[in-house]
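Single chain ahead, written as structure tokens, the form predicted alone.
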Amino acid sequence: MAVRKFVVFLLSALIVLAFTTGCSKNSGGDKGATVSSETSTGSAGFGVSSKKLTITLWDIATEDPTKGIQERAVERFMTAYPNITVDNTHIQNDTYKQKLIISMSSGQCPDMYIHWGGGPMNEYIDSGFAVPITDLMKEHCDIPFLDAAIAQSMYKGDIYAVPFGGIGGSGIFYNKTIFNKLGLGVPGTIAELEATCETLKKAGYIPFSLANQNKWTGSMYFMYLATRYGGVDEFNAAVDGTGSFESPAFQYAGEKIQQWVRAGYFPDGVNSLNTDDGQDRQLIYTEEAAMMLHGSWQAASMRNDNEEWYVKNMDYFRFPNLASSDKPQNIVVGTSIGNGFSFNIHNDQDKLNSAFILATQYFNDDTYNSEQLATGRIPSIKGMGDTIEDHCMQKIWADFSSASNVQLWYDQYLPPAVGEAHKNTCQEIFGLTKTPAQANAELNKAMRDN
């Protein structure tokens, strides 16, 4: 079955508010779920099948600490329910979406799979590979998820995903030891950031570590520059057809990136370096590079690699303001859910209940959340940010909490084919193989043709 196209839409605020008050999973009833007679209540608080079941689960947890945290959640679940086996497959990020679509096309879609919300989630739903879980969330979930996380898990008035994994903001990690040695302060504007880059270059440092073989890493620069110039308005207009990806915000973003490439702000061969192999972090660890614009999950990775070095040397600041713009400058580029679990389980309420319990009560339980926080990740749950100890993550949470808006990653918000066009054209902008005007025209055509 081919994955069909979908229509980008705006969620109603009234719909969001209707689901922000969690319901008790310990209600003891079976409202919202048809439970077979072959059930036991167990620790779940509602009927769970006692028959033997196997749940197939796909995720992208190929590296520790995330891999270990998620595997332990599965192990706790199978210990509590020994009649249920979870067949868990880990797939590397960059190949995951492709393999998931292939599995859907061949009728081998897993029972339970992760995604990032946005356009791809909507397309999976339209193609029949996710079931609504609104009733289960209302009747059997008391987790106070962030309002934005619930909104990002909805489509056409129903909830289709259980948030997990935490918020995913982005900003600039920097080596404070290098900054202090050179007498540099935290830049508050893009002009100040450029002056900082010039000082770093003269001192022999690569200003930004970037591994852009993966394409989405470089797109963070494009998204932030476009957002600082045009807020979220120009992007929304380009998507709904009232505007264009050839508008001034996107032209500014492309031109600024190429200006920085020509100025030597990025590593040589930037488009051949791979972030999945940690090549961007390596330039930070060897102190060849001083800054890295990346996702908040890099805090956990750096702490896990070398906690003592990380605490001593690394700090964080939000992407600087564009002084000439009249748009909000506190927008965060990222996501309100690190990932969501959706369920390709039709006509088997026992299995759906069990998978739902795994997603809500084990991937979001106290153990899981404490392990997430210990590694610098922030679950998409109200109040979690108040317990953060990691100094970088404290600042990321503050930026996220005070943001006027969260601009979802373009490649997650856009239809998959358009998201790929965005990543490809961004890489070509970094490689100087297309002008910003050519790249943005190609992206706009992909949006119009979709």
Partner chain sequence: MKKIASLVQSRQRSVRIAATVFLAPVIIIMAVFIIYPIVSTFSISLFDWNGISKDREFIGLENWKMLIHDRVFWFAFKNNLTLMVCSIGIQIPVAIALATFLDGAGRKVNFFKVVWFLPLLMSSVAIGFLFSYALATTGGIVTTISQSLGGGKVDLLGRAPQALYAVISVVAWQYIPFYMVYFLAGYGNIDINIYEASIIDGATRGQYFLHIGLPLLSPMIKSACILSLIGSLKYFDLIYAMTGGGPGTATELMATYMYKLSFSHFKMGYGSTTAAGMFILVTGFALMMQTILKGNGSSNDE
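Numbering follows the first chain given and starts at 1. The model shown is predicted, which means the values in this text are computed figures rather than measured ones. Between two forms, the rigid core is defined as the largest C-alpha subset superposing within 1.5 Å.
Another form exists, predicted together with its partner chain; not displayed. Remarks below refer to it.
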Contact segment among 224-232, 193-201, 324-332, 278-286, judged by heavy atoms lying within 4.5 Å of its partner chain in the predicted complex: 278-286
If you check in the predicted complex, is residue 215 within 4.5 Å of its partner chain, heavy atoms only? yes
Indicate whether residue 98 is a 4.5 Å heavy atom neighbour of its partner chain in the predicted complex. yes
Is residue 268 part of the interface with its partner chain in the predicted complex - any heavy atom within 4.5 Å? yes
Classify residue 424 as contacting or not contacting its partner chain in the predicted complex by the rule of any non-hydrogen atom within 4.5 angstroms, answering yes or no. yes
If we test each of 205, 155, 252, 129 for a heavy atom within 4.5 Å of its partner chain in the predicted complex, the one that passes is 129
Heavy atom within 4.5 Å of its partner chain in the predicted complex - the one residue of 134, 370, 85, 105 that qualifies: 105
Each of 417, 420 and 450 near its partner chain in the predicted complex, meaning some heavy atom within 4.5 Å? yes
So that I can tell if residue 92 moves, could you say whether its C-alpha shifts by at least 2 Å between this form and the one not shown after the core superposition? yes
Is residue 199 displaced by at least 2 Å at its C-alpha between this form and the one not shown when the rigid core is overlaid? no
